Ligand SMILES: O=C(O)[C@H](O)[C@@H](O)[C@H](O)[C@H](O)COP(=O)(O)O
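One chain comes next, on its own, written out as structure tokens in the form predicted on its own.
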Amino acid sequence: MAHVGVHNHKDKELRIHESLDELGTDLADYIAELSETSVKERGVFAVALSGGSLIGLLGKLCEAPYNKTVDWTKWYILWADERVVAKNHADSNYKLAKEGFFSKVPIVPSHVHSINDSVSAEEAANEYEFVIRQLVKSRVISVSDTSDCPKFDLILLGIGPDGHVASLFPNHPVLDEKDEWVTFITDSPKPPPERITFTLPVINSASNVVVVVTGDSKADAAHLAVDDVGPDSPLVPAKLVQPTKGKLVWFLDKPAASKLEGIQFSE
């Protein structure tokens, strides 16, 4: 096995890797498998991406064998969160994903659904939710059988050093949003301030959620999210990622996993 180990941790699987290179290969392998299963079962693969270092790790999917073996024409791409900036702006998750990932594989341009960046954050969130509703109506995105939420085939998330996922930040009222599928914030603790984000019910309705965590700056956040820390520890949003019926897998490199309890690294 290339990875340091696969640890089954109650309701999640932890895949810990020696290097970013191995993590990227395992992640590509995992996503390619999910894509194949989904295309067999549903004829499509609906994926929501986040931004950050996560996108760079998708690079392996653009290489052999995946660039040829994955059925890219069946992919639909959305964003679990987006900064409300122009698509050519350095902060745009769309720009990051386009440059680092989907411009290198034959994904159908009309299957890529980015936000309307010319309206307010609130309007952008409402319009994006409408887009998702249309895709649910046409069965491109499934519906959860336990709630009325969309059921993405895969939601791919990173995590911040503060434990935020998507644009769900610690102690922010959006963590309690139960009714909207897509909501917005205008006061992000890190710039840019205006963002749209999937809500927790949508994230937790997905068939598969993958959280990718790399680097020692994320080690504390990973520990707080994954381990059984007492009620006195800060609650990090990543801990609230608990798919109702879907599968949750965390991909970590060794520095990010260095503070996890009960994980021994053989030197």
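Numbers follow the displayed sequence, beginning with 1. For clarity, every value in this text was computed on a predicted model and none was experimentally measured.
The protein also exists as the form predicted together with this ligand; that form is not presented, and the subsequent description refers to it.
When this ligand is considered in the model of the complex, residue 164 lines it closely, a heavy atom lying within 4.5 Å.
Under a 4.5 angstroms non-hydrogen atom cutoff, this ligand in the model of the complex has residue 159 among its neighbouring residues. Among heavy atoms of residue 37, none comes within 4.5 Å of this ligand in the model of the complex. Proximity of residue 142 to this ligand in the model of the complex: non-hydrogen atoms within 4.5 Å are absent; the residue sits far from the partner.
Heavy atoms within 4.5 Å of this ligand in the model of the complex belong, among the stretches 81 to 89, 110 to 118, 176 to 184, 132 to 140, to residues of 81 to 89. The candidate site formed by 10, 208 and 244 is entirely out of contact with this ligand in the model of the complex, as no residue has a non-hydrogen atom within 4.5 angstroms of it. Annotation for 201 to 218: the only interface residue with this ligand in the model of the complex is 218 [heavy atom within 4.5 Å].
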